[in-house]
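First, one chain by itself in C-alpha cells, the form predicted alone.
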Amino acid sequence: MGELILDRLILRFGRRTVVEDFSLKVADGELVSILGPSGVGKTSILKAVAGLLQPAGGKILLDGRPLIGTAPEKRPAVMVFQKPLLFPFLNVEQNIAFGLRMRRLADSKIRRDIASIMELTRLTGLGRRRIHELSGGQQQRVSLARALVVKPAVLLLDEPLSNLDADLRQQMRDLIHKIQARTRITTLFVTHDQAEALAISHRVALLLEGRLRQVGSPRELFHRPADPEVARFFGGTNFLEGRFEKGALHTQVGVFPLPGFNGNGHRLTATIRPEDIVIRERGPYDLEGRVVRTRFEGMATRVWVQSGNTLLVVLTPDSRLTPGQRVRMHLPPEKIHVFPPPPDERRA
C-alpha cells in the first residue's frame, strides 16, 4: 500500500493561513483520524494529499516519493467526500466501474473486481439500481466501493458519515472499520465527531485552530491529554490547580497522593474525568460537597457538586441524587492526570 508523510505542511487561502506546520506520519496499513471542530483545516489537508489544493509550504511523501507537483489523476490517492458524488445517469455497477474503465482494463477483470468490491461493501444485488433508488447509506457505500475498487495506495475519507442518521452512521462506521482491517489500506479519516474517531482509528491527530495539538492512540488522547485544551475537547471539565510536595498534589479542594510522580515544588494543573469520580455512601472518601444540579442522561446521571470554591462534574449511575443533597466523593489517584509543568517551571 503506502506510507504517507506530511512534513511541516502549510496551507493558505489567500493571505489567511488555515493549517500551519502540520506534520504527520501514517504508516502503511494504518487508519489515522484527523479530528477537530469545523473550520480548522481538516478537509484542506485531505485536498492537499489528493492534489486538489496546492500547499504554501512543506512536503507530502508517499513511500518516500514527493506528491506535490503530481497531477491529481496521477496520484495513487482517492478521496471520498462528505456528500456522495455519483453519476445519476449510471447505475450502481456502472458508477463503481467508472475508474476501472478509465484504465481500459479487460471486461472480465472489471466484472470480477466489481463483484468482489460489492460483496465487501454489502452492495450485492443492487448493481442495476439507479442512484436515486438508493438510501443515503447505500449511496455512501457506492462511493466507498468506487474508491476502493481502483486499489489506491491511500484512501482519504472526508466526514463520509456526517449526513447519515445515528443508526446508519453506526453501521457505516463498523463497515469502514471492517473493510480497513481486511484490506489494510492506508487511510486518513477526517471527522469532527470524537466518538467516531476514538472508535475507528489506530491513532488520532487532534487539530485545533490550524495546529496539531496531539497525536496518539485513542486511549492516550482520552486518558492522557497533552494539555487542558485537549482535555476539554474530549469532555474534560474537572481541573485542579496545586503544587506537588512530598508525593502528593496539594490543591484548593484537598491533598491527593500521586505515587511515582516527581517534581517537588512545581505548580501543576491536574484533571480527572467525570466518570472517574466515585460518589459513595460508605468507605474512604476525599471530598465532601453539595449537589447543585443534576441531568439524567440515560445510562448515567451528570451531577454538578460544589466542594468549597470548586465545582466538580461527576458522571454516576446513581439517578437518585437531588439538588441540595450532601455527598462524599472519592478521587482515585490513578485516575488523576497531571499535565506537564510549564517550561519556566521545568527549568526551575
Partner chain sequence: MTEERRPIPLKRLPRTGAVRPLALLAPALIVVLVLFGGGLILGLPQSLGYLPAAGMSKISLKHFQRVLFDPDFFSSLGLTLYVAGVSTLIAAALSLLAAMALVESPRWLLFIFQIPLTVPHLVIAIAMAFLLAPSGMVARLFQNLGWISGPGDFPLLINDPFCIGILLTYVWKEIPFMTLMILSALKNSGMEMLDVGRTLNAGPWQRFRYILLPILLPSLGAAGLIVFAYTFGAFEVPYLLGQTYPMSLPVWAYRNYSDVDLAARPEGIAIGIVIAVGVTGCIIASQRLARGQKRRGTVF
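Not measured: the values here are computed from a predicted model. Positions refer to the first chain, counted from 1.
Omitted from view is the form predicted together with the partner chain, to which the following refers.
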query	finding
Position in contact with the partner chain when the complex is considered in the predicted complex, options R219, H132, R128, R182, heavy atoms within 4.5 Å	H132
Option touching the partner chain, based on a heavy atom within 4.5 Å in the predicted complex, out of K178, K109, K246, R103	R103
Candidate site F239, A270 and L315: all three near the partner chain in the predicted complex by heavy atom within 4.5 Å	no
The partner chain in the predicted complex: contacting segment from 253 to 261, 274 to 282, 221 to 229, 81 to 89, heavy atom within 4.5 Å	81 to 89
Any non-hydrogen atom of L52 within 4.5 angstroms of the partner chain in the predicted complex	yes
is_contact(L123, the partner chain) in the predicted complex, heavy atom dist at most 4.5 Å	no
Contact flag, R141 vs the partner chain in the predicted complex, heavy atom cut 4.5 Å	no
4.5 Å heavy atom contact, D174 to the partner chain in the predicted complex	no
Stretch 142 to 170 - residues with a heavy atom within 4.5 Å of the partner chain in the predicted complex	R146, A147, V150
